[in-house]
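The chain below stands alone and is given in C-alpha coordinates; this is the form predicted on its own.
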(Lines give C-alpha, C1' and ligand atoms only; values in the text may rest on other atoms or scores of the structure.)
Protein backbone atom coordinates (compact mmCIF):
# COMPACT_ATOMS: atom_id res chain seq x y z
CA UNK A 1 0.00 0.00 0.00
CA UNK A 2 1.65 3.24 -1.15
CA UNK A 3 -0.41 5.54 1.04
CA UNK A 4 -0.32 5.43 4.86
CA UNK A 5 -2.64 3.04 6.62
CA UNK A 6 -5.02 5.30 8.55
CA UNK A 7 -6.20 3.88 11.89
CA UNK A 8 -8.98 5.72 13.71
CA UNK A 9 -8.60 5.74 17.50
CA UNK A 10 -11.84 5.87 19.52
CA UNK A 11 -11.09 5.37 23.25
CA UNK A 12 -14.77 5.67 24.18
CA UNK A 13 -15.82 5.32 27.81
CA UNK A 14 -14.61 4.12 31.19
CA UNK A 15 -11.39 2.12 31.04
CA UNK A 16 -11.39 2.30 27.24
CA UNK A 17 -9.17 5.38 27.26
CA UNK A 18 -6.82 3.87 29.85
CA UNK A 19 -6.09 0.71 27.91
CA UNK A 20 -5.98 2.61 24.61
CA UNK A 21 -3.24 4.87 26.01
CA UNK A 22 -1.04 1.82 26.65
CA UNK A 23 -1.48 0.42 23.14
CA UNK A 24 -1.07 3.62 21.11
CA UNK A 25 2.76 3.69 21.55
CA UNK A 26 2.80 0.37 19.69
CA UNK A 27 1.69 2.29 16.60
CA UNK A 28 4.80 4.46 16.90
CA UNK A 29 6.83 1.26 17.35
CA UNK A 30 5.37 -0.13 14.13
CA UNK A 31 6.25 3.11 12.32
CA UNK A 32 9.82 2.88 13.63
CA UNK A 33 9.98 -0.59 12.08
CA UNK A 34 9.04 0.81 8.69
CA UNK A 35 5.26 0.53 8.64
CA UNK A 36 3.52 3.47 7.02
CA UNK A 37 0.56 4.42 9.19
CA UNK A 38 -1.28 7.45 10.48
CA UNK A 39 -3.35 7.55 13.67
CA UNK A 40 -6.61 9.51 13.55
CA UNK A 41 -7.84 10.30 17.13
CA UNK A 42 -11.60 10.77 17.45
CA UNK A 43 -13.42 12.00 20.58
CA UNK A 44 -16.69 10.10 20.41
CA UNK A 45 -18.05 8.56 23.59
CA UNK A 46 -20.03 9.45 26.70
CA UNK A 47 -18.08 12.59 27.61
CA UNK A 48 -18.43 14.01 24.12
CA UNK A 49 -22.12 13.11 23.99
CA UNK A 50 -22.88 14.69 27.37
CA UNK A 51 -21.00 17.84 26.41
CA UNK A 52 -22.31 18.26 22.86
CA UNK A 53 -25.26 15.94 22.28
CA UNK A 54 -23.34 14.27 19.46
CA UNK A 55 -22.90 10.51 19.26
CA UNK A 56 -21.27 9.80 15.90
CA UNK A 57 -22.16 12.63 13.51
CA UNK A 58 -22.56 11.90 9.84
CA UNK A 59 -19.37 13.69 8.83
CA UNK A 60 -17.39 11.57 11.29
CA UNK A 61 -18.94 8.34 10.03
CA UNK A 62 -18.13 9.34 6.47
CA UNK A 63 -14.54 10.07 7.48
CA UNK A 64 -14.27 6.65 9.09
CA UNK A 65 -15.89 4.81 6.20
CA UNK A 66 -14.09 6.51 3.34
CA UNK A 67 -10.95 7.97 4.91
CA UNK A 68 -9.69 5.30 7.32
CA UNK A 69 -8.57 1.71 6.89
CA UNK A 70 -9.42 0.42 10.36
CA UNK A 71 -10.64 1.41 13.81
CA UNK A 72 -9.01 0.70 17.17
CA UNK A 73 -11.80 0.95 19.73
CA UNK A 74 -11.74 1.12 23.53
CA UNK A 75 -15.16 0.55 25.09
CA UNK A 76 -18.61 2.09 25.39
CA UNK A 77 -20.97 2.25 28.33
CA UNK A 78 -21.49 4.91 30.98
CA UNK A 79 -23.93 4.88 33.91
CA UNK A 80 -24.73 8.54 33.23
CA UNK A 81 -26.43 7.40 30.01
CA UNK A 82 -28.55 4.51 31.31
CA UNK A 83 -30.31 3.77 28.03
CA UNK A 84 -26.96 3.39 26.23
CA UNK A 85 -28.11 5.44 23.25
CA UNK A 86 -24.59 6.67 22.50
CA UNK A 87 -23.25 3.11 22.52
CA UNK A 88 -25.90 2.05 20.02
CA UNK A 89 -25.20 4.99 17.73
CA UNK A 90 -21.41 4.63 17.87
CA UNK A 91 -20.22 1.03 18.18
CA UNK A 92 -23.30 -0.81 16.98
CA UNK A 93 -23.67 1.60 14.08
CA UNK A 94 -20.07 0.98 13.03
CA UNK A 95 -20.59 -2.77 13.12
CA UNK A 96 -23.86 -2.60 11.23
CA UNK A 97 -23.25 0.11 8.62
CA UNK A 98 -19.68 -0.95 7.86
CA UNK A 99 -21.10 -4.49 7.55
CA UNK A 100 -18.50 -5.94 9.92
CA UNK A 101 -20.27 -9.29 9.91
CA UNK A 102 -17.31 -11.39 11.06
CA UNK A 103 -16.26 -11.09 14.70
CA UNK A 104 -13.18 -13.18 15.51
CA UNK A 105 -12.42 -14.00 19.15
CA UNK A 106 -9.45 -16.29 19.73
CA UNK A 107 -8.91 -18.10 23.03
CA UNK A 108 -5.22 -18.93 23.45
CA UNK A 109 -3.93 -18.87 27.05
CA UNK A 110 -0.67 -16.95 27.48
CA UNK A 111 -0.47 -16.49 31.25
CA UNK A 112 1.19 -19.06 33.52
CA UNK A 113 -1.36 -21.17 35.33
CA UNK A 114 -3.71 -21.44 32.35
CA UNK A 115 -3.73 -24.50 30.10
CA UNK A 116 -1.69 -23.73 26.94
CA UNK A 117 -3.20 -26.77 25.21
CA UNK A 118 -6.50 -24.89 24.81
CA UNK A 119 -6.75 -23.30 21.38
CA UNK A 120 -10.23 -22.11 20.53
CA UNK A 121 -11.38 -19.67 17.87
CA UNK A 122 -14.88 -18.21 17.98
CA UNK A 123 -16.45 -16.81 14.80
CA UNK A 124 -19.45 -14.70 15.80
CA UNK A 125 -21.84 -13.00 13.37
CA UNK A 126 -21.68 -9.37 14.39
CA UNK A 127 -24.50 -7.39 12.76
CA UNK A 128 -27.80 -9.26 13.17
CA UNK A 129 -29.62 -11.71 15.42
CA UNK A 130 -31.34 -10.33 18.53
CA UNK A 131 -28.88 -7.42 18.51
CA UNK A 132 -30.68 -5.85 15.56
CA UNK A 133 -32.32 -3.57 18.17
CA UNK A 134 -35.83 -3.97 16.80
CA UNK A 135 -38.81 -4.73 18.98
CA UNK A 136 -41.79 -3.39 20.86
CA UNK A 137 -42.73 -2.67 24.45
CA UNK A 138 -46.27 -2.32 25.71
CA UNK A 139 -47.97 -2.86 29.08
CA UNK A 140 -47.33 -6.41 30.18
CA UNK A 141 -45.59 -7.43 26.97
CA UNK A 142 -42.19 -6.90 25.36
CA UNK A 143 -40.85 -8.29 22.09
CA UNK A 144 -37.28 -8.33 20.76
CA UNK A 145 -36.88 -9.39 17.17
CA UNK A 146 -33.98 -11.46 15.84
CA UNK A 147 -33.08 -11.01 12.20
CA UNK A 148 -30.92 -13.42 10.21
CA UNK A 149 -30.17 -12.86 6.52
CA UNK A 150 -28.50 -15.30 4.19
CA UNK A 151 -25.72 -12.89 3.06
CA UNK A 152 -24.56 -12.16 6.63
CA UNK A 153 -24.80 -15.79 7.71
CA UNK A 154 -22.91 -16.89 4.61
CA UNK A 155 -20.13 -14.32 5.19
CA UNK A 156 -19.59 -15.54 8.72
CA UNK A 157 -19.75 -19.27 8.00
CA UNK A 158 -17.64 -19.01 4.84
CA UNK A 159 -14.85 -17.36 6.85
CA UNK A 160 -15.10 -20.07 9.51
CA UNK A 161 -14.99 -22.87 6.93
CA UNK A 162 -12.05 -21.26 5.13
CA UNK A 163 -10.16 -20.95 8.40
CA UNK A 164 -10.88 -24.56 9.32
CA UNK A 165 -9.73 -25.71 5.88
CA UNK A 166 -6.46 -23.76 6.03
CA UNK A 167 -5.60 -24.89 9.56
CA UNK A 168 -6.94 -28.43 9.25
CA UNK A 169 -9.01 -27.93 12.40
CA UNK A 170 -12.54 -29.12 13.25
CA UNK A 171 -15.44 -26.70 12.88
CA UNK A 172 -18.58 -26.68 14.98
CA UNK A 173 -21.73 -24.63 14.41
CA UNK A 174 -23.57 -23.78 17.64
CA UNK A 175 -27.34 -23.33 17.22
CA UNK A 176 -30.78 -23.80 18.75
CA UNK A 177 -32.66 -24.74 15.61
CA UNK A 178 -34.68 -27.25 17.63
CA UNK A 179 -36.52 -24.22 19.07
CA UNK A 180 -35.54 -21.25 16.88
CA UNK A 181 -36.69 -23.04 13.75
CA UNK A 182 -36.79 -20.07 11.39
CA UNK A 183 -33.64 -18.09 12.16
CA UNK A 184 -31.39 -20.96 13.14
CA UNK A 185 -32.98 -23.10 10.46
CA UNK A 186 -31.46 -20.64 7.98
CA UNK A 187 -28.08 -21.11 9.66
CA UNK A 188 -28.33 -24.89 9.23
CA UNK A 189 -29.22 -24.56 5.54
CA UNK A 190 -26.28 -22.24 4.80
CA UNK A 191 -24.03 -24.51 6.86
CA UNK A 192 -25.11 -27.56 4.84
CA UNK A 193 -24.37 -25.77 1.55
CA UNK A 194 -20.89 -24.75 2.70
CA UNK A 195 -20.13 -28.15 4.18
CA UNK A 196 -20.66 -29.61 0.70
CA UNK A 197 -18.17 -27.07 -0.68
CA UNK A 198 -15.53 -27.91 1.97
CA UNK A 199 -15.57 -31.73 2.04
CA UNK A 200 -12.19 -31.95 3.78
CA UNK A 201 -13.34 -29.94 6.82
CA UNK A 202 -14.40 -31.97 9.85
CA UNK A 203 -17.61 -30.03 10.47
CA UNK A 204 -20.57 -30.73 12.72
CA UNK A 205 -23.38 -28.92 14.52
CA UNK A 206 -24.34 -28.90 18.19
CA UNK A 207 -27.08 -27.43 20.32
CA UNK A 208 -25.61 -24.40 22.06
CA UNK A 209 -26.72 -25.37 25.57
CA UNK A 210 -25.02 -28.75 25.25
CA UNK A 211 -21.94 -27.03 23.85
CA UNK A 212 -21.63 -24.73 26.86
CA UNK A 213 -21.63 -27.74 29.16
CA UNK A 214 -19.03 -29.51 27.00
CA UNK A 215 -16.82 -26.42 26.89
CA UNK A 216 -16.69 -26.33 30.67
CA UNK A 217 -15.89 -30.04 30.83
CA UNK A 218 -13.28 -30.30 28.06
CA UNK A 219 -12.38 -27.13 26.13
CA UNK A 220 -9.41 -28.85 24.46
CA UNK A 221 -11.85 -30.99 22.47
CA UNK A 222 -12.89 -28.01 20.34
CA UNK A 223 -11.22 -25.97 17.61
CA UNK A 224 -13.23 -23.44 15.62
CA UNK A 225 -16.74 -22.56 16.77
CA UNK A 226 -19.20 -20.51 14.72
CA UNK A 227 -22.42 -18.98 16.02
CA UNK A 228 -24.90 -16.17 15.61
CA UNK A 229 -24.49 -12.81 17.33
CA UNK A 230 -26.17 -13.73 20.60
CA UNK A 231 -24.81 -17.25 21.06
CA UNK A 232 -21.35 -16.18 19.88
CA UNK A 233 -21.34 -13.46 22.52
CA UNK A 234 -22.14 -15.93 25.30
CA UNK A 235 -19.76 -18.62 24.10
CA UNK A 236 -16.80 -16.27 23.67
CA UNK A 237 -17.33 -14.68 27.07
CA UNK A 238 -17.29 -18.14 28.63
CA UNK A 239 -14.09 -19.14 26.84
CA UNK A 240 -12.45 -15.90 28.05
CA UNK A 241 -12.21 -17.64 31.42
CA UNK A 242 -9.59 -19.97 29.94
CA UNK A 243 -7.23 -17.07 29.20
CA UNK A 244 -7.67 -15.29 32.54
CA UNK A 245 -10.89 -13.34 32.14
CA UNK A 246 -12.42 -10.59 30.09
CA UNK A 247 -9.44 -8.27 30.50
CA UNK A 248 -7.30 -10.71 28.54
CA UNK A 249 -9.69 -11.31 25.64
CA UNK A 250 -9.21 -9.65 22.21
CA UNK A 251 -11.45 -9.39 19.20
CA UNK A 252 -11.37 -8.26 15.59
CA UNK A 253 -14.38 -7.56 13.39
CA UNK A 254 -14.19 -7.21 9.63
CA UNK A 255 -16.18 -7.12 6.41
CA UNK A 256 -14.87 -9.95 4.22
CA UNK A 257 -16.57 -8.51 1.15
CA UNK A 258 -14.91 -5.09 1.83
CA UNK A 259 -17.52 -2.71 0.40
CA UNK A 260 -15.79 0.24 2.06
CA UNK A 261 -12.23 1.35 2.62
CA UNK A 262 -12.69 0.92 6.38
CA UNK A 263 -13.42 -2.76 6.85
CA UNK A 264 -11.92 -3.77 10.22
CA UNK A 265 -12.42 -2.85 13.89
CA UNK A 266 -10.30 -4.13 16.77
CA UNK A 267 -11.47 -3.91 20.38
CA UNK A 268 -10.96 -5.73 23.68
CA UNK A 269 -14.11 -7.46 24.87
CA UNK A 270 -14.05 -6.33 28.51
CA UNK A 271 -16.34 -3.31 28.17
CA UNK A 272 -16.04 0.03 29.92
CA UNK A 273 -15.88 -1.33 33.51
CA UNK A 274 -17.15 1.88 35.16
CA UNK A 275 -16.57 0.42 38.64
CA UNK A 276 -12.78 0.63 38.18
CA UNK A 277 -12.54 3.45 35.62
CA UNK A 278 -10.01 6.13 36.48
CA UNK A 279 -8.22 4.01 39.08
CA UNK A 280 -5.45 2.59 36.91
CA UNK A 281 -6.59 -0.98 37.57
CA UNK A 282 -7.71 -2.10 34.11
CA UNK A 283 -5.87 -4.87 32.31
CA UNK A 284 -4.52 -3.59 28.95
CA UNK A 285 -3.65 -7.06 27.60
CA UNK A 286 -6.95 -7.45 25.73
CA UNK A 287 -6.21 -4.18 23.94
CA UNK A 288 -2.63 -5.20 23.08
CA UNK A 289 -3.84 -8.51 21.68
CA UNK A 290 -6.64 -6.81 19.73
CA UNK A 291 -4.06 -4.53 18.16
CA UNK A 292 -1.99 -7.60 17.28
CA UNK A 293 -5.04 -9.05 15.50
CA UNK A 294 -5.38 -5.79 13.59
CA UNK A 295 -1.70 -5.83 12.61
CA UNK A 296 -2.15 -9.37 11.27
CA UNK A 297 -5.28 -8.34 9.36
CA UNK A 298 -3.28 -5.55 7.73
CA UNK A 299 -0.66 -8.09 6.65
CA UNK A 300 1.89 -7.05 9.27
CA UNK A 301 2.62 -10.53 10.59
CA UNK A 302 6.04 -9.75 12.16
CA UNK A 303 4.55 -6.96 14.27
CA UNK A 304 1.53 -9.08 15.24
CA UNK A 305 3.71 -11.99 16.32
CA UNK A 306 6.13 -9.73 18.21
CA UNK A 307 3.33 -8.00 20.12
CA UNK A 308 1.72 -11.30 21.12
CA UNK A 309 5.12 -12.61 22.21
CA UNK A 310 5.73 -9.43 24.26
CA UNK A 311 2.47 -10.01 26.13
CA UNK A 312 3.47 -13.59 26.89
CA UNK A 313 6.94 -12.58 28.05
CA UNK A 314 5.58 -9.87 30.36
CA UNK A 315 3.14 -12.34 31.91
CA UNK A 316 5.84 -14.96 32.38
CA UNK A 317 8.07 -12.33 33.97
CA UNK A 318 5.46 -12.03 36.72
CA UNK A 319 3.52 -8.94 35.72
CA UNK A 320 -0.16 -9.24 36.66
CA UNK A 321 -3.02 -6.79 37.00
CA UNK A 322 -5.53 -7.23 39.79
CA UNK A 323 -7.93 -9.35 37.72
CA UNK A 324 -5.13 -11.93 37.39
CA UNK A 325 -4.38 -11.89 41.11
CA UNK A 326 -1.49 -9.42 40.80
CA UNK A 327 -0.76 -5.93 42.04
CA UNK A 328 0.43 -4.12 38.90
CA UNK A 329 -1.60 -1.25 37.52
CA UNK A 330 -2.59 -0.49 33.96
CA UNK A 331 0.45 1.68 33.25
CA UNK A 332 2.89 -0.79 34.83
CA UNK A 333 1.45 -3.65 32.78
CA UNK A 334 1.57 -1.57 29.62
CA UNK A 335 5.21 -0.63 30.15
CA UNK A 336 6.09 -4.25 30.89
CA UNK A 337 4.60 -5.40 27.58
CA UNK A 338 6.17 -2.62 25.53
CA UNK A 339 9.59 -3.26 27.11
CA UNK A 340 9.54 -6.73 25.54
CA UNK A 341 9.01 -5.46 21.99
CA UNK A 342 12.01 -5.84 19.67
CA UNK A 343 13.56 -2.69 18.29
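Remember, predicted model here, so these are calculated numbers, not experimental data. Numbering follows the first chain given and starts at 1.
We do not show the form predicted together with a small molecule, though everything after this point is about it.
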property	result
Stretch from 275-283, 312-320, 42-50, 29-37 whose residues place a heavy atom within 4.5 Å of the small molecule in the predicted bound form	275-283
Heavy atom within 4.5 Å of the small molecule in the predicted bound form - residue from 91, 153, 174, 102	91
The single option of 76, 231, 160, 266 touching the small molecule in the predicted bound form, heavy atom within 4.5 Å	76
Residue contact check: residue 250 to the small molecule in the predicted bound form, 4.5 Å heavy atom	no
Contact flag, residue 184 vs the small molecule in the predicted bound form, heavy atom cut 4.5 Å	no
In the predicted bound form, residue 95 touching the small molecule (heavy atom, 4.5 Å)	yes
Heavy atom of residue 271 within 4.5 Å of the small molecule in the predicted bound form	yes
